[in-house]
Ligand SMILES: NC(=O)c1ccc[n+]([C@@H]2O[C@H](COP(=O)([O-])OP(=O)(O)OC[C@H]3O[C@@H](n4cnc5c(N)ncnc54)[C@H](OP(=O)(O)O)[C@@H]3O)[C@@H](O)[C@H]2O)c1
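Next up: a single chain in structure tokens, the form predicted alone.
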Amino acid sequence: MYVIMGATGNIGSKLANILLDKDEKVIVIGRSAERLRPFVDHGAEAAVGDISDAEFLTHVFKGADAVFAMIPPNYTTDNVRGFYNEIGANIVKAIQESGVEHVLFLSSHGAHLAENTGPIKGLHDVEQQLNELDDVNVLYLRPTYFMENLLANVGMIKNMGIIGSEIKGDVKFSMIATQDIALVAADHLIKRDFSGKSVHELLGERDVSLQEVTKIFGGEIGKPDLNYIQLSSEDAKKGMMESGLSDDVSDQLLELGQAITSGIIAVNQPRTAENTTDTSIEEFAEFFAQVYKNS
């Protein structure tokens, strides 16, 4: 039996359905019974509750063969790193008290660094917390920048006629589709092929710049002249906060963008068969175009 945190998110939802398609027993965690209903209809058991409640997590984790643990984003928190540490502590306590022996934790590329990586700093901290667990096998899955993050540009294209961010346009960096992350996670959970504390990094199909992404997306949506604009930090933060992100969340995302631009993370990393996945940016562009058309 597998417990899936974040079951209504991009990765957790795909992971739950992959496991259910294989007739595995799955418990999905979420705050809304209504949003978990599709998984229940597919054969899952729903655990409705708040992940800030360690007792709730402990109860759900008990008896699990493996847990997919992750920390959903909180776009309104005034302390991103503190939020990650708080939820991480609850996860650690639940693991200790439930007796679960295999945990796959969704971390991030760059989580080996303690500073200058924006929200990833919080994932670094949680990895350190999990490292203190005795007799628990933990695999840190460290995927790179999600292609799905690029969907935030749909509104910018429609309202401003551009794609833009604080990241330098000609810097090539790794991007990955969340479906590929879910496939790797499902394979590890079913096989439980990890022991001690280990890391699996995922770098997507290839490195690509945002200028290249803009050209590919523009062609797919019928806007071949679409341009990428590197925004100033001030303009980028203003846009984030106008969309509802807190001051600290905006600052952390700016720091993450700077880390990519400077090459601290996600840039020119060695590739292997193990860390390279299938979905190309061209394939993702087809999905982007569908979202663009329907928005």
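In this text, residue numbers run from 1 along the sequence as written. All values derive from a computational prediction rather than experimental measurement.
The same protein has a further form, the form predicted in complex with the named molecule, not shown here; the description that follows concerns it.
Colleague: With the partner left out of view, is residue 42 within 4.5 angstroms of the named molecule in the predicted complex by any non-hydrogen atom?
Modeller: Because no heavy atom of residue 42 falls inside 4.5 Å of the named molecule in the predicted complex, the answer is no.
Colleague: Does residue 84 make contact with the named molecule in the predicted complex, using a 4.5 Å heavy atom cut-off?
Modeller: It does: once the named molecule is placed as it appears in the predicted complex, residue 84 has a heavy atom within 4.5 Å of it.
Colleague: Spell out, yes or no, whether the shortest heavy atom distance between residue 11 and the named molecule in the predicted complex is within 4.5 Å.
Modeller: Yes.
Colleague: Is there any non-hydrogen atom of residue 117 lying within 4.5 Å of the named molecule in the predicted complex?
Modeller: Residue 117 lies outside the contact set for the named molecule.
Colleague: Sort through 92, 100, 106, 221 and report the residue having a heavy atom within 4.5 Å of the named molecule in the predicted complex.
Modeller: None of the other options qualify; the answer is 106.
Colleague: Select from the listed residues 203, 138, 123, 185 the one whose heavy atoms reach within 4.5 Å of the named molecule in the predicted complex.
Modeller: Checking each option against the named molecule in the predicted complex, the one that comes within 4.5 Å is 123.
Colleague: With the partner removed from view, which of 238 to 246, 222 to 230, 59 to 67, 42 to 50 is the stretch that lies within 4.5 Å of the named molecule in the predicted complex, judged by heavy atom distances?
Modeller: In the other structure, the partner sits against 42 to 50.
Colleague: Mind checking whether each of 153, 161 and 257 has a heavy atom within 4.5 Å of the named molecule in the predicted complex?
Modeller: Judged in the predicted complex, none of 153, 161 and 257 sits within 4.5 Å of the named molecule.
Colleague: Does anything in 134 to 160 come within 4.5 Å of the named molecule in the predicted complex by heavy atoms, and if so which residues, in order?
Modeller: Result: 143, 144, 145, 146, 149.
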